[in-house]
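Below sits a lone chain in structure tokens, taken as the form predicted on its own.
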Amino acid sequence: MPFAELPAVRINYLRMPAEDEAPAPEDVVMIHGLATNMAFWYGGLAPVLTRFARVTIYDLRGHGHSSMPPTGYSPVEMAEDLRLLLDHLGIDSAHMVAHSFGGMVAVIFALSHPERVKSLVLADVRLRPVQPRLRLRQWRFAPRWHEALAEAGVTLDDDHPDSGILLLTELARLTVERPDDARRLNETFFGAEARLGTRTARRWLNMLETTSAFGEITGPGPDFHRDDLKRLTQPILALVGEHSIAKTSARVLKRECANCVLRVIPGAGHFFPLSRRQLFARLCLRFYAARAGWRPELGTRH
């Protein structure tokens, strides 16, 4: 796979041509969340969106096959990585699709460079300035999760403001040390589709142990202020799982952004782009059909 040699990081990326051989196709750029990589988008997601556009997926710094610098892991700095990657690829503007932490990167990029973002699909994104804390004890299934964690011998501070990252880290450790326990916990918390691979788990743990990533990712910010969201005038599709704690952020997006459509995915949790990938792809295509002048039944734009 190709790499973009940026000033402070080497970014691994993949480009998929649009099915429609239009002279000037649209671009979609997809941004994954923490402790995963661009493969998150590949099976059944990115290839489907080539019906609408040329699609670019990439590994955030420290993830996948991208390099792991000692610093630079705040969403602001990762948004700058995105700008430099687009410059490298010659993409003037694009539709952004982002999940989880990747949504913070996308929103910061859109606020900083509004002319380069045509639309935003934000899937289960917690916006730290409007939802700064994510304590495990506040999650709907916390009692059941406590029981499952105890059975696996895992103790977690469920009052930590970033319990989600602590949980992800413990799952990564179990994946490396006790994969059977990790598999059971993953299925309990996120479903089988979201299971960490051993290589991805090792990569995540290595990043936390050898870089400043944890402090920068969980830093207090502010990366932007709630009122700044009013400046996002692009079409926005905010998707959130029914059982997700990120619903607060999705509702704020709906209230503050004039062109935001909110859709709650029934019965879904944080990783619905994987567990409901056909629905996710279909919602994206419908969004583009309604707002980007595209007729999916014809595969053309007007």
Partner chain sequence: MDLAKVQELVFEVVAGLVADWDLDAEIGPTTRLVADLEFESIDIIQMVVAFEERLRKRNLGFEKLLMIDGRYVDDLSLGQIAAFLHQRLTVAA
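This structure is a prediction, so every number in the text was calculated from the model and none was measured. Numbering follows the first chain given and starts at 1.
Missing here is the form predicted together with the partner chain; even so, the following discussion is about that form.
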The partner chain contact in the model of the complex: Arg15, any heavy atom under 4.5 Å: yes
Partner proximity in the model of the complex: His65 to the partner chain, non-hydrogen atom cutoff 4.5 Å: yes
4.5 Å heavy atom contact, Thr200 and the partner chain in the model of the complex: yes
Contact test in the model of the complex: Pro266 vs the partner chain, heavy atoms, 4.5 Å: no
Single option in Met38, Leu237, Ala246, Leu253 placed near the partner chain in the model of the complex, where near means a heavy atom within 4.5 Å: Met38
Complete contact of Leu85, Gly90 and Pro114 with the partner chain in the model of the complex (any heavy atom, 4.5 Å): no
